[in-house]
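Before any questions on how it binds or moves, here is one chain, the form predicted alone, in structure tokens.
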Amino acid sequence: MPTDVENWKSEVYGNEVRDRLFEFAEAGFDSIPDDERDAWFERFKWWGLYHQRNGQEGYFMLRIGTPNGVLEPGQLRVVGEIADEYARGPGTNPIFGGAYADFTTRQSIQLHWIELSDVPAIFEKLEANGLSTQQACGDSWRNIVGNPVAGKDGQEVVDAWPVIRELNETFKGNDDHANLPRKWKVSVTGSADGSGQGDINDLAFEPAYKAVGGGEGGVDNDGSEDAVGFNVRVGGGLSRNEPRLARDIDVWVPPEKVPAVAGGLSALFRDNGDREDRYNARIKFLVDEWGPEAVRETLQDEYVDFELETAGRDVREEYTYNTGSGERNDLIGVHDQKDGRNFVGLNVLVGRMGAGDVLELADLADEYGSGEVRLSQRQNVIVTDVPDDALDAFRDEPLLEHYSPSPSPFMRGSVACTGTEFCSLSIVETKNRQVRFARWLKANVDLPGGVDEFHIHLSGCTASCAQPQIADVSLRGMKTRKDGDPVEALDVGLGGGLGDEPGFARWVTQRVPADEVPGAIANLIEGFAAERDEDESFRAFVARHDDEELDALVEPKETDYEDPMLHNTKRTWYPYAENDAMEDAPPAPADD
């Protein structure tokens, strides 16, 4: 029997939702019938709108999809202007203020406190400037991710940016692929650093060489010429406490055939994914059931009209992104572009930037670069096209004191999801807490010599939006009791990361009161420093210890760290409000 969501989607979904959305925007939030709100909120997601949590009725999160994280000249300014004008509500964040933009782990942008009546004006401004919320959420193609500096990166094997653009143009708004069993996350990477994080996506195209026939120059020993293209992996993902790494289906595809293979696999999922159990509806479970060989066979027999090539020679052994060792664990700092200019990666702590800072960064991108800005999967921003003779002046700008190209490892490594501030799924407060964690660790803890990066990801629940399973230290929201009182707590996992040998964190310690987590991390790092073998990486250190040994190192400890959100923030209407009880929640915004 199809789920409620499938029944709702069968009535109205996809492109046709827009007209109804605009009708509700004109008539006002209260015009949505009470008994139909769950259905309409689910449908609105296809157009990038999530209704916020209990106590914030009538307010929405709006997600802007930016394929591969690319913001063309002028577009970041548009985002800042929309945030400043529309992303303000009855709650003010004590760290970030009243209006801000969140850069996500999928190279998108999220704005909060959006009122339904403002949606048509927001859409008009976005679309007039080449931006869109279409399919930023919902059961369809999500924002396509990859190496954010595709087309500019000096380490590129193949330029993935034209491929990503074509996929976006082909499948966004495409009715044949608009209603899938669940979300469909795609990564396309052309660089040799692994920054597309293909292993944790439903569908991944990764750079690879393939011998495709004789020719002169660039030939293998057998006389065949190496072409550059992509190997294909399917069925990765982190959510639901059942993470999977994408599986190799033994397919290599040249750039011009990527849309056909991607469309074939999307259609295979559309036709065979589970529509009776949303918890079992991701393609990772279909790959579990069928196996990679059957996926390839079905793709060949039913969904493409050409002979699939077997997998080529990959470059995974060169992957460094989010590995815990080597260079380019992220894209922070100054890096060479192909054209002799530079891209400069700036650390945005937990991915959140005030609206005023967004506008100032847009000014700086115009002044020192081409105006283009790109977003990474580590919630950071990259200013591209900066010439050598402008680097010093750019780095001296006061804004970069807050968004540094050379931050502390604890600031640099911090990633956090939305948390109970706005999300109905989260169990704990996250953004402000991770900011406080990072600041305390920076002031109180030293990493061992040679350890320049240390990733700590805080996710408010098992949905894993902060990608905790691929961090050095993984934090996941829970509840516990302390001194007889219920408090917010975190499970602690260790040793996750990607690269040539990707692996997920092992959850070794459960339900640590949130105010004791910084002390626990300090104890862990002290143990790592004392027991480390020479220049051993943290991931390698974790790998050679069993769970019991690691649990002993993660000893919770009270310190001078103070956590103002220790109470049950899920029971508040807004965690930072002076009067935060549900009965003090403001009414839905009045219709204009």
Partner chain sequence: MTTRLRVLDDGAWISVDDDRKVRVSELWRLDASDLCDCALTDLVVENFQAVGVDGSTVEARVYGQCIACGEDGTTGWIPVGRVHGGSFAEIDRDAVRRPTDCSDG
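Every value quoted in this text rests on a predicted model; they were computed, and no experiment measured them. Numbering follows the first chain given and starts at 1.
What comes next is about the form predicted together with its partner chain, which does not appear here.
With its partner chain omitted here, the record of contacts in the model of the complex names 480 to 488 of 480 to 488, 105 to 113, 84 to 92, 513 to 521, defined by a heavy atom within 4.5 Å.
Checking S426, S266, S464, T509 against its partner chain in the model of the complex, a heavy atom within 4.5 Å turns up for just one residue: S426.
This chain lacks the partner; the member of F29, F541, Y50, W47 within 4.5 angstroms of its partner chain in the model of the complex by a non-hydrogen atom is Y50. If you check its partner chain in the model of the complex, you find a heavy atom from every one of D4, N241 and R571 within 4.5 Å. Remark: E558 does not count among the residues lining its partner chain in the model of the complex, judged by a heavy atom distance of 4.5 Å or less. In the model of the complex, R341 stays away from its partner chain, with no heavy atom inside 4.5 Å. In the model of the complex, at least one heavy atom of R182 sits within 4.5 Å of a heavy atom of its partner chain. Proximity of Y279 to its partner chain in the model of the complex falls within the 4.5 Å heavy atom cutoff.
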